[in-house]
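Presented as structure tokens, the chain that follows is alone, the form predicted on its own.
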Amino acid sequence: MNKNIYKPIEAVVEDIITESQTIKTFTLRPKENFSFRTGQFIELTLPGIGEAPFTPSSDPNVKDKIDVTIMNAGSVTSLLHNIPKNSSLGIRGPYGKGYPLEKFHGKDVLIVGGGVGLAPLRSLVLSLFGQIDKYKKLVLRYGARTGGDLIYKDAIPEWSRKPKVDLVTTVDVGDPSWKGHVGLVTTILEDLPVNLGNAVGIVCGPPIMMKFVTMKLLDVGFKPKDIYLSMEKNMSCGLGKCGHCRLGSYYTCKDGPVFTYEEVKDLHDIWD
């Protein structure tokens, strides 16, 4: 019998980590074999309620469980934020194209995240750490609204100490407890320690943040073909059937969610 592509596999919530007032990371253990490539997404099902798309935030090389970092931003996510450990959820996927890691080999890799946009990028970061010798340098720039809105607070200092890693964080609004940079994430994209002739930039975050970061990267010398965007746009069925994620001639769920800016720059309203 053919597998029902619409039927999710069961996964048990093994752990729940509170990242901020509005963001939690759920560690899921699927009851069947499941794997994904960094940058691909899943549909996460709350049985009897509904489902929503998320990009796993864990290392794809870990096969027995996955992490999904979720912001409380709607009806399904609000209910997810209130489930206890050992709850059963459903996973459909994985869907879409991931990051083309082989195209990053031998290059400086700049990763720019905003807010919960660091969640999909965490999977990429962990993938790069696993084969760091294949890359020249990993430059991480991450911004959030306040210090309390930063996610992966325990992991970030550990990442910054790794060889070949240059990491800077910033917040839009500081307070007496914040000792780091204050300003929009674009303000920490000046004088980047990368070789622009041999570098790629990867961006993920709220649409308005992605727009201005992309414009900034173009301004400092990145080429459109070397800027990779995670264009998570109203993905629903995951199979290119419902049309909700149409982006020009593309279906984000099938042709993305990872696109180069070169591919989408001439399309209408890509930042909506």
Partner chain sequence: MYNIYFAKTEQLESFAKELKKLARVFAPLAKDAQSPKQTDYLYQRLCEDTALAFNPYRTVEPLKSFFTYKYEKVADYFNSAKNLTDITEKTVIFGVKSCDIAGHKIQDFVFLEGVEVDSLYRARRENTIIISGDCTDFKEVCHCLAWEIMPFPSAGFDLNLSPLNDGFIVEVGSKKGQELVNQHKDYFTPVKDTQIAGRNAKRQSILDRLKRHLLFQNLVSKDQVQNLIREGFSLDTWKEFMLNCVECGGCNFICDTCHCFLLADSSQKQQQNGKLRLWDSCQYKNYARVAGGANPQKTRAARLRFRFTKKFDFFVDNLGAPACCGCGRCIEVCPGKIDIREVLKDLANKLKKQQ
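Residue numbers count along the first chain shown, from 1. Everything quoted here is computed from the prediction, not taken from an experiment.
There is another form of the same protein, the form predicted together with the partner chain; it is not shown, and what comes next is about it.
Trainee: Is residue 241 part of the interface with the partner chain in the model of the complex - any heavy atom within 4.5 Å?
Mentor: Contact check for residue 241: yes, within 4.5 Å of the partner chain in the model of the complex.
Trainee: With the partner left out here, check for me: in the model of the complex, does some heavy atom of residue 27 sit within 4.5 Å of the partner chain?
Mentor: Close contact is absent here: in the model of the complex, residue 27 is far from the partner chain, nothing within 4.5 Å, heavy atoms only.
Trainee: Please determine whether residue 9 contacts the partner chain in the model of the complex, using a 4.5 Å cut-off between heavy atoms.
Mentor: Residue-level check for residue 9: yes, a contact with the partner chain.
Trainee: Find out whether any non-hydrogen atom of residue 230 is located within 4.5 angstroms of the partner chain in the model of the complex, and reply yes or no.
Mentor: No - in the model of the complex, heavy atoms of residue 230 and the partner chain never come within 4.5 Å of each other.
Trainee: With the partner chain left out here, work out from 208 to 216, 56 to 64, 242 to 250, 222 to 230 which stretch has heavy atoms within 4.5 Å of it in the model of the complex.
Mentor: Correct option: 242 to 250.
Trainee: Considering only 84 to 116, what residues come within 4.5 Å of the partner chain in the model of the complex, judged by heavy atoms?
Mentor: In sequence order, 88, 89, 90, 92 come within 4.5 Å of the partner.
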